[in-house]
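Below sits a lone chain in structure tokens, taken as the form predicted on its own.
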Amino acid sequence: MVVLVRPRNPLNIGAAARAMSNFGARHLRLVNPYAVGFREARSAVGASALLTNAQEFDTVAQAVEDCSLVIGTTAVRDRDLQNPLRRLNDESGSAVRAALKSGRVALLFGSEKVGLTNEDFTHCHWLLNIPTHEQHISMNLGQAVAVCLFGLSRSVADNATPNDAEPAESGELEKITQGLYEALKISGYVKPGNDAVSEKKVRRLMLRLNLQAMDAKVLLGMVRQIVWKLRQAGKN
């Protein structure tokens, strides 16, 4: 699925939908789209159904909660990235196709003006970069969607074997993140003024663990019990 985060131009949204139709991507989600009239975009030639059925969300967390692999796209520039970075090539395409055999994959694109933010990146397992000319590294949103979908769906020899265990969905990981973060705040681990930074660190840690669905359920139960005990202790 393709997730457009804060897109501004309805023509770009339409072009992205058309690219999705070209390469067989069926689900379009938008986070806080700037233009309210994107569903009538004339650039969505042959993909009007995708725009009609596109889902809107208030946050990235909500948009990817049922996904087991979340990939953010970036032109990199001079940013200090905390996520693993992969180039658009056969290896990254193979990883995506393998993940699709056991769960839902979300490919995130940021706004035309600033791309994805560091906060958006905290919801991503890894980042994807299109190798472009160093003197002009950014691409039009619709073009970027088309190039990424083409690169990830190319028919190449795919030796990746699917994991029989079902991966945890992002929504489950976010519940663990929020529970663990609350426990850290109650216990005093999170220092005043470091709330946002600490939450990002916890979320990145959860993604790096690559938890399976059953493990996530067990860990969530543990975290909830810890939080409950800490709350009870605070009442005494």
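Keep in mind that this is a model prediction, so the values were computed, not measured. Note that residue numbering begins at 1 and tracks the sequence as displayed.
What comes next is about the form predicted together with another copy of the chain, which is not displayed.
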According to a 4.5 angstroms non-hydrogen atom cut-off, is residue 115 in contact with another copy of the chain in the model of the complex? no
I'd like to know whether residue 151 contacts another copy of the chain in the model of the complex, with contact meaning heavy atoms within 4.5 angstroms. yes
So in the model of the complex, does residue 187 come within 4.5 Å of another copy of the chain, heavy atom to heavy atom? yes
In the model of the complex, is there a heavy atom of another copy of the chain that lies within 4.5 Å of any heavy atom of residue 105, even though the partner is absent here? no
Could you run down 128-144 and flag each residue that has a heavy atom within 4.5 Å of another copy of the chain in the model of the complex? 130, 131, 132, 133, 136, 137, 138, 139, 140, 142, 143
